[in-house]
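Only one chain is included here, represented as structure tokens and corresponding to the form predicted alone.
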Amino acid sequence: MNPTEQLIRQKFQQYYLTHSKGYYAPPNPAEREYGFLLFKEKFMVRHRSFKDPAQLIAAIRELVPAHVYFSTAYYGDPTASMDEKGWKRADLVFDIDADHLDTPCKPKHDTWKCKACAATGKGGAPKICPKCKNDRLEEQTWLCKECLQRAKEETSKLLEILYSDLGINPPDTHIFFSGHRGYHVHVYSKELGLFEEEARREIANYVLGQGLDPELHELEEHSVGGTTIIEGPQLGQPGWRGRMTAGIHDVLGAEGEQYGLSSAQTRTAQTRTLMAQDRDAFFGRQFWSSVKGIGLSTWKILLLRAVQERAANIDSVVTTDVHRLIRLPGTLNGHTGLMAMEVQKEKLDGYDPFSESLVFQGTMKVKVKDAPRFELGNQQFGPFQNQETELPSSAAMLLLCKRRAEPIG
């Protein structure tokens, strides 16, 4: 290990040796598999099982891992090979990560570099390098309040869909901050736990709003006395009908090109009239045919964009995986030094991960290579560029874990 990793591991070890409570115990913990990603050579220790929390804590203190995981699945023998574990069921889990969200703050703090030609850029990495067309790109991401606020909003949208559309019992859901750039939602239900990958994929697609056709959700046009009338779903209808219509409220007043309309379409008088509507008054009447010249095809484009606005942007791979290892709350995230932790549903709106997930005390001296301006523990830091500084330990550990700084001394 290099000096930076050695120091991070030392600080993690001090935390785990003194931290005796706060680890999250999932239902039926003895039926879970546990995994530990070690600092040394990024080696993964897995297929471990613990009969009680004291054994798990002892293992964490002995191994001092960068990341601690537990399986969403329940097994007859968690220590066996995958083919012989004896899968019983798996929790229904959703992962919402700011990495997968198109947040406007990314150009402020994220960068990418092409491993082939060394070209660089700001924001999220493109699929291929614009200079040499190579796909070997390296991203350097950051986390900020704007990122995690967006992830929190997506989490709230997910919960609304789970409760109102899928009939999931709120007490069966648990929300966790991942310790990095997002949130996990676990559903503990024996009935849903028996769902296999295909059924979970249908749930993921529903939450994402994939494959929705507005014309199959009551959007239609017909002729009455020689006049073309457009009708569609109404506010307050259950499921995606009402949700799509509410999404139109988000669309109106925005720039048309942001919502899937072509440049030509946004320049028409009818579209400008539509976008200038008083949104609240607009929904107080039969609005589908109230703007002359707005036809079925335009409404369909707007509704499909409204679906994107109202869908919950989850990572569908996590939801469909019935053998998933996921981060154990109460442990430290090796990417940030922040603690993964449970967030009570009624406190989600006011939850601040940049103050409530901090665990390190005191101050540390570090040399910061480069870092954007950031906030932690209600204090502002940076920006930094090749600068030696003394910081609160949580801020210093964040920079060290993100490989933006090196220890001094």
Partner chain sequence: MSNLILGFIGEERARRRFALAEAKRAYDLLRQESPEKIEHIASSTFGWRIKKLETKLVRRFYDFSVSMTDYLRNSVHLREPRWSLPNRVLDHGFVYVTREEVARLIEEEVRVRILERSSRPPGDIPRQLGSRVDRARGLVIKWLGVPTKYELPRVPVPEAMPPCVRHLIENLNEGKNVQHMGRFTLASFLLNIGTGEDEVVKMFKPATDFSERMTRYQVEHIGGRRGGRTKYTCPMCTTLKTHGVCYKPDELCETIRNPLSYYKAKSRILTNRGPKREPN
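Source: prediction; values computed, not measured. Between two forms, the rigid core is defined as the largest C-alpha subset superposing within 1.5 Å. Positions refer to the first chain, counted from 1.
In what follows, reference is made to the form predicted in complex with the partner chain, a form of this protein that is not presented.
- Only one segment in the set 83-91, 335-343, 236-244, 134-142 has any non-hydrogen atom within 4.5 angstroms of the partner chain in the predicted bound form, and it is 236-244.
- Under a 4.5 angstroms non-hydrogen atom cutoff, the partner chain in the predicted bound form has I203 among its neighbouring residues.
- For the chain shown alone, Q210 is a contact residue for the partner chain in the predicted bound form, at least one non-hydrogen atom being within 4.5 angstroms.
- At the 4.5 Å threshold, heavy atoms of K115 stay clear of the partner chain in the predicted bound form, well away from it.
- Contact check for S164: a heavy atom falls within 4.5 Å of the partner chain in the predicted bound form.
- Contact with the partner chain in the predicted bound form, defined as a heavy atom within 4.5 Å, holds for exactly one of G179, G330, P78, G232, namely G232.
- Note on the partner interface in the predicted bound form: the residue among E146, E309, E220, D315 having a heavy atom within 4.5 angstroms of the partner chain is E220.
- Shown in the overlay between the shown form and the other one, fitted on the rigid core, is a CA shift at K190 smaller than 2 Å.
- Relative to the superposed rigid core, the position of the CA of E221 differs between the shown form and the other one by 2 Å or more.
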